[in-house]
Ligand code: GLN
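So this first bit is one chain, no partners, the form predicted alone, shown in structure tokens.
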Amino acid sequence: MKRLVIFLLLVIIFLTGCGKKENTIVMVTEAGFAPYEYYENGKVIGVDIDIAKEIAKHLGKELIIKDIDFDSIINELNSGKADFALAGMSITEERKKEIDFSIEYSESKQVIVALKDSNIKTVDDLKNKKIVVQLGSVADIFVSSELSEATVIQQKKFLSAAQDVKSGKADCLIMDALPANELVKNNKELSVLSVDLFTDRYAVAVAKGNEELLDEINKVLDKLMENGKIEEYILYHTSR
């Protein structure tokens, strides 16, 4: 009788665990990219989090958010540790070889962040400069491929990158416009320079071949964009 009770308890625990797993969906991000993902009172919030909540709601699942280093996101998806990524992730041909992207849901200009007295006025002025970027970002790819005469400094977090500029270790930081504007709000020594670089497009990422999930994500994105909700999310998180 005792063995039967133990066996039944183990079965219940196993089934409960399986049910919980089936009823959750894991989003992976790097929460240092306001207004898309950032911390407030110990909780990750932002534009991408609002989108992720709508995806989870559409699928009838509980959302779990994992905050990791940006350059680990692709491996997290393809190893099955996460279901999808929302991290202000730009669509690039190199990334398309490893993961699949949803339809684009936002665009952002790449800009230069430097000290207010910086002598950088044009793209040509970036030659021979020390440029800090987030490791694995589209800016990292751009600097490495297009600015071969520059020195690239790779950081995992934008706060560390900003500190490199403030301390003089780097001449400037290249990053997305919206997070750059948020960054300089809290770092008065820095400014966003009026130098045009390029515009990149953001999308949700999933593991290669996960077409079923991607189709559902695209349905959610279509609806959010049709109703103007993503613009509302951006306005809300940039005006806080």
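For every residue, the number given is its place in the sequence shown, counted from 1. The model shown is predicted, which means the values in this text are computed figures rather than measured ones.
Just so it is clear, the following notes concern the form predicted in complex with the named molecule, a form of the same protein that is not shown.
Original post:
Based on heavy atom distances of at most 4.5 Å to the named molecule in the predicted complex, which listed stretch, 133 to 141, 117 to 125, 159 to 167, 76 to 84, is the contact stretch?
Top reply: Going by heavy atoms within 4.5 Å, the stretch is 133 to 141.
Original post:
Is residue 200 close enough to touch the named molecule in the predicted complex, meaning at least one heavy atom pair within 4.5 Å?
Top reply: Contact with the named molecule, yes.
**OP:** Please check if residue 106 has a heavy atom lying within 4.5 Å of any heavy atom of the named molecule in the predicted complex.
**Re:** Contact with the named molecule, no.
**OP:** Answer for residue 102 alone: is it within 4.5 Å of the named molecule in the predicted complex, judged on heavy atom distances?
**Re:** Residue 102: no, not in contact with the named molecule in the predicted complex.
Original post:
Would residue 129 count as touching the named molecule in the predicted complex under a 4.5 Å heavy atom rule?
Top reply: Residue 129: no, not in contact with the named molecule in the predicted complex.
Original post:
For 83 to 109: residues with a non-hydrogen atom within 4.5 angstroms of the named molecule in the predicted complex?
Top reply: In sequence order, 87, 88, 89, 90, 95 come within 4.5 Å of the partner.
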